[in-house]
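First, one chain by itself: the form predicted on its own, in structure tokens.
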């Protein structure tokens, strides 16, 4: 038995104990379940998985979506849970706040049972090799389930939705059909980053469940959006750059037409990747490989590696819909959460294909527009500021708290040249009606491999700045909040910590 299989067996064994602990408390309390989850695609997927499973077992539940699980929120939750006989589940966050949750929910005045199903680094843990992980595991069983306890990387091998999927599967084996939603969550957290954009670790186990159940299909395809007009999909690709054509949809359309492909549908619309047959896709791929080889002097094998990737589609969804491809599904959920329409996203992930889905599609247009305007504003107004080891921007009246993390991620993954991908970027958006900045840090995988750990950097910078806010996440993506009058010293400390991380690795 290899180590991965052994660790998976331990996880499943612990989940059975967590399930029994959960059911015993429900029976004693005769209580409802209150689920708290995050507003991004992974959090909404996690909430939907839990909600669907509880609904099936006729267990009353309520879902609350939070921007962050901050200390102030934990205090509110503790106050609201007094004498209410509720069982709490924290999904896609909680590990980074487990000490506060224990202190506020289980003390002399309160004894509120809860479960944490999370994939972020536990509180006060620097990285996946930290020896404190074993101690936290021993002290927080059976109510705390985290992949790092089982030597799986929560940054790339399993998402919050995935942890919730393994839990509900232990509740009822029939919940295997929620495996695709777990992979939607993983996709939203950009975890399909193995070879050929594959899933690895526990996500690969979930993928096996989904494909065996004939719910999801994997195929090799061009690495472009399946539902955008093809000239736009290629022009704005973050992976494929065609000098003289990228960022120019008109020139890209002429290029595609020059290949002898009819680019209009019978309705007069520009064809999408879904509209092309295999022969037409082959023409496109061959032309791109030839063009990039000549213009950029790149070996064809390197181009093919980025151009042809694994595509994951849900077999029970309509081809060409926003829910057919995992990437598009995750994008839709993210747009719901980031535009204050989280309930729509949860309803869709739980199976609503009528009212919620149609409303969400309308909101999606505004969401895309706001992201486009934000990126253009950053570029046109030269809003990126630099220190020796970091870069940052202030959202001002353009980029708000709900989308600052998305913008930071887009900057890291795009090839627009707006930022220097060799430095972490910190987005700072003022919170409405509060004198604080929401901070979202992102780092490219190349510098994470060189030793940059944003989760640890933010926690250390908070400490150096004499700030008590909770902060953390993953090495490539982390966040916190900082008072406006402390932002300069915080960013200066972030710069110093990143310098130290790079020097020591």
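Since the structure is predicted, the reported quantities are computational estimates derived from the model, not experimental observations. Positions refer to the first chain, counted from 1.
Not pictured, yet referred to below: the form predicted in complex with cytidine-5'-monophosphate (C5P).
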Which one, 146, 335, 97, 155, lies within 4.5 Å of cytidine-5'-monophosphate (C5P) in the predicted bound form by heavy atoms?
97
Which pick from 63, 452, 439, 461 sits with a heavy atom within 4.5 Å of cytidine-5'-monophosphate (C5P) in the predicted bound form?
439
For residue 478, is any heavy atom within 4.5 Å of cytidine-5'-monophosphate (C5P) in the predicted bound form, or not?
yes
Contact between residue 52 and cytidine-5'-monophosphate (C5P) in the predicted bound form at 4.5 Å, heavy atoms?
no
Contact label in the predicted bound form: residue 120 to cytidine-5'-monophosphate (C5P), heavy atom within 4.5 Å
yes
Does cytidine-5'-monophosphate (C5P) get within 4.5 angstroms of any non-hydrogen atom of residue 470 in the predicted bound form?
yes
Segment assignment from 470 to 478, 444 to 452, 54 to 62, 22 to 30: heavy atom within 4.5 Å of cytidine-5'-monophosphate (C5P) in the predicted bound form
470 to 478
Going through 222 to 251, which residues have a heavy atom within 4.5 Å of cytidine-5'-monophosphate (C5P) in the predicted bound form? Please give them in sequence order.
none
